[in-house]
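Quick heads-up: it's one chain on its own, the form predicted on its own, in C-alpha cells.
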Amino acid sequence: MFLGGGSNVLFCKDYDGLIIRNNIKGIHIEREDEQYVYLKAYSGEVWHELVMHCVERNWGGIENLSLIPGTVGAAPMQNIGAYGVELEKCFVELEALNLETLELQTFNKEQCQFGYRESVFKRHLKGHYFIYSITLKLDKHPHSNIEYGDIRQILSEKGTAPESASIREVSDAIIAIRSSKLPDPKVLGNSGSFFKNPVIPVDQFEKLKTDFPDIKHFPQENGVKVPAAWLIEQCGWKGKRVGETGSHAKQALVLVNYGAAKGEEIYQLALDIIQSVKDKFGILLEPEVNLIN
C-alpha cells in the first residue's frame, strides 16, 4: 500500500502488508506560452505547498484549493475540489506506474474519468497503479472563482474589492475560511470532510422540499447537490460526542477523534450517521475518506 500524507485514510484495523511512504519530490515547468504555464509536480509533494508555489508566481487555477491536506499524488485520485473549483479544471495529464509491468503510463483527463471526488484510480484501476506525477495548466493572467461560500464576504471584510482580488488575496480568504471551520488535525484528529455531498434527482429533491422547505441545495447538470453537512446537522449530529468520537461542533461533515478512539469506532459513527440521514431524508451518504477495513 502506498501512502502520501495519510490525511484522507481511515484504518479500521491494522494493515496486513507493506506500507510505502511516497516522498518523491519536484516541481518544474514543462512548457509555457504568453497565457499559460504547464507545470509538472511529483506525487510526494505536499499539495498546499504546490498551491503556494503557484500563488507566489501569480499562476492561477488552484488557489481555491488552498490548505487542502495531503500530497499531490492523491489530488487526481480524489479529483480534489473546494469553493467552486475542482482539480480537473486545470488538469492536463498524469504519469502512473503500472504495478504489474513496472512501466510508466500517461493518462489524459478523459482517461482519468474524473467525477465528483472520483477517478478511475478509485474504481476499477484501484491498487493497479502508483501515481508518479501530474501536469497542470495554469493561467498567467488569472481570474479567480469567488462565487462560492463566503469568499466575497471575507474579501470585503478585509477591504478588498472582490472583483479585483489577486489570487494571493483569494487564497488567503480561503485559508481563513477553512481555518475557522475545520479543526487542525495536529490538535484534534480528523480527516477533513468525511462524506461526499450527495447529488440527487430533481424529482426526489422536489419531494424533499415539500417536507423540508429550508433544505439547502445547489443545482447541478445531473440533479441537485444537497450539502451533507446540512443533512447531518438536521439529524442532530453536529457537535455530538459519542465516546471518544464525534461530529465537529463547527462543521458537522468533519468526524473527529478526541484522542483514544480506534478506527473501527470512527467507522461505526460514520455508519450511524449514514443510517440516520437515510431514515430521515432517504438519501444515502457516501464516505469521501478511503476506508481500510
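Start at 1 and count along the sequence shown; that's the residue number. Keep in mind that what you see is a predicted model, and the values were worked out from it rather than measured.
Heads up, the form predicted in complex with a small molecule isn't pictured, but that's what we're talking about next.
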property: Heavy atom within 4.5 Å of the small molecule in the predicted complex - residue from R117, K89, K122, K109; result: R117
property: Single option in V37, V242, L50, A229 placed near the small molecule in the predicted complex, where near means a heavy atom within 4.5 Å; result: A229
property: Option from 262 to 270, 25 to 33, 244 to 252, 52 to 60 whose residues, in the predicted complex, bring a heavy atom within 4.5 Å of the small molecule; result: 244 to 252
property: Partner contact for K137 in the predicted complex: the small molecule, 4.5 angstroms, heavy atom; result: no
property: 4.5 angstroms heavy atom contact with the small molecule in the predicted complex for I175; result: no
property: 4.5 Å heavy atom contact, G81 and the small molecule in the predicted complex; result: yes
property: is_contact(L182, the small molecule) in the predicted complex, heavy atom dist at most 4.5 Å; result: yes
